[in-house]
Structure formats: C-alpha cells, structure tokens
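This document starts with one chain, in the form predicted alone, laid out as structure tokens.
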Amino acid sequence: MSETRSEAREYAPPVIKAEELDPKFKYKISKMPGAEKIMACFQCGTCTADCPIARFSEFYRPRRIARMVQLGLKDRLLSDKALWLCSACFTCVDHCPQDVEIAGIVRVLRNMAVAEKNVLPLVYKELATNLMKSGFVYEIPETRLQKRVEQGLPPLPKPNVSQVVKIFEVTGSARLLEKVQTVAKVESR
C-alpha cells in the first residue's frame, strides 16, 4: 500500500529568517521562574517522545519549543497557538535527563503571549470569568445541585466570590480579561 506524498508529510515550520532571531531572548527567559534551565536542553527529544499531546499532534513538540527559545524566535513562539495545547502534566519534566522544566517554559511563554500579544484561548477566558462570577471554574447547574441534595450529599462549599474578584483585580487579571483577544480553536498552520 503506497502513501500519497501529502499523507507522509509531517508538520514543517517555515524557514527561519535572520531578522526573526533575538539572541537575548533565551537569556531573558532563563531569568524567569520555571525556565532557568532552558540552555541545558541538548535536544535529546525525550520530552517529545513522552508527551501525551505530541502523540496526537503533528505540530506540538516540546523539543521544538525549547529549540525555538534557544534560537530566539520570540515572535514566532508567542504567536504559536500550539503553546496552548500543553496539558501541564509534567511528563516532559519527569523524564528530562537535564532537568529542564519544559512545562515551566511553556507557562512562561503563555504568560508572555498574553502580556505581549494580548491573546488567550477562549476556554481560558471562560473559565476565569466563571471563577470571578461563582467561585468555580465551571458553572454548576441548579439541577446538579438538586441531585446532590436528593442523593444525600452535603452542599458544595460557598466560595467567597468577593475575595476571588479582589485577587483578579489586584493582580490585574480582571483588566486583562476585559481587553484580551481570544483564540477559539487551536489548530496547525
């Protein structure tokens, strides 16, 4: 059985242009908590081989993210929707022979993407908005609460929503949620 060329092709990032490179980027990242060991990555690929997301995605590769940081491809990284695919399971961290915290690096890059590119997946905005409204990340329907009573389960704890809102306001997250642009779907290019 022969495969067509399009079926056999894997994701190939665009050609890197010299003007895209920011040689200071890796040093800036390495000063942020969780990303200090980025330069210890020697591209063995263990993070990608063990990543549950990479198994099902042609374009999400933790090793590629680490290499792009090392090369200084800041704008490309912060615009890459694949950053949002990481499930933060820390499998990459657990198996890295150099103790590079790829999950921490992804977190740092996500924070930078929100701060600098003003972009956030819609689901994150919805979860944060729910948290500010009810104290829970998911809206719990009244029918579910009634079912708990019928089954003799104790009521859910009553979150202090005003304290949650205060945290969002003090950290600037409430303002950020108002202005951020959302990405409805993460997909390959």
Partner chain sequence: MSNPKYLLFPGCVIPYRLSSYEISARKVLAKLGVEIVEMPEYNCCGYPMDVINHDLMLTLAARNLCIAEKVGLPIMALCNGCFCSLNETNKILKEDKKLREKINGYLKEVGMEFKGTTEVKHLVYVLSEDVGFEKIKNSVIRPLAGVRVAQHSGCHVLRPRKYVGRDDPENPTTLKELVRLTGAECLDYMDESACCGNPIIGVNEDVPFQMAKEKLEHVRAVGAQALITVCPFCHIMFDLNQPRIERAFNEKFNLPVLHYPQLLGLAMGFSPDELALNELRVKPTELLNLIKF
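Positions refer to the first chain, counted from 1. Between two forms, the rigid core is defined as the largest C-alpha subset superposing within 1.5 Å. Computed from a prediction, not measured in an experiment: that's the story for all the values here.
Quick note: we don't show the form predicted together with its partner chain, though the next part is all about it.
S.K.: Hey, of 22-30, 40-48, 64-72, 144-152, which bit sits against its partner chain in the predicted complex at 4.5 Å between non-hydrogen atoms?
M.R.: Checking each option against the 4.5 Å cut-off leaves 144-152.
S.K.: With a cut-off of 4.5 Å between heavy atoms, is Ser79 one of the residues that contacts its partner chain in the predicted complex?
M.R.: No, Ser79 sits far enough from its partner chain in the predicted complex that none of its heavy atoms falls within 4.5 Å.
S.K.: Taking its partner chain as it sits in the predicted complex, is Glu116 in contact with it (heavy atom to heavy atom, 4.5 Å or less)?
M.R.: Looking in the predicted complex, residue contacts with its partner chain do not include Glu116, since no heavy atom lies within 4.5 Å.
S.K.: Given that its partner chain is not shown alongside this chain, does Ile167 nevertheless sit within 4.5 Å of it in the predicted complex, heavy atom to heavy atom?
M.R.: Answer yes; at least one heavy atom of Ile167 falls within 4.5 Å of its partner chain in the predicted complex.
S.K.: Is Thr171 a contact residue for its partner chain in the predicted complex, using a 4.5 Å heavy atom cut-off?
M.R.: Yes - in the predicted complex, heavy atoms of Thr171 and its partner chain come within 4.5 Å of each other.
S.K.: For the stretch 112-129, which residues lie within 4.5 Å of its partner chain in the predicted complex by non-hydrogen atom distance?
M.R.: Result: Val114, Leu120, Pro121, Val123, Tyr124, Leu127, Ala128.
S.K.: Given a core-based superposition, decide whether the C-alpha of Gln43 shifts by 2 Å or more between this form and the one not shown.
M.R.: It does not reach a 2 Å shift.
S.K.: Quick check: Leu127 between this form and the one not shown - does its CA shift reach 2 Å or more after fitting the rigid core?
M.R.: Result for Leu127: no, shift under 2 Å.
S.K.: How about Glu58 - superposed on the rigid core, does its CA move between this form and the one not shown by 2 Å or more?
M.R.: Glu58: C-alpha displaced by less than 2 Å between this form and the one not shown.
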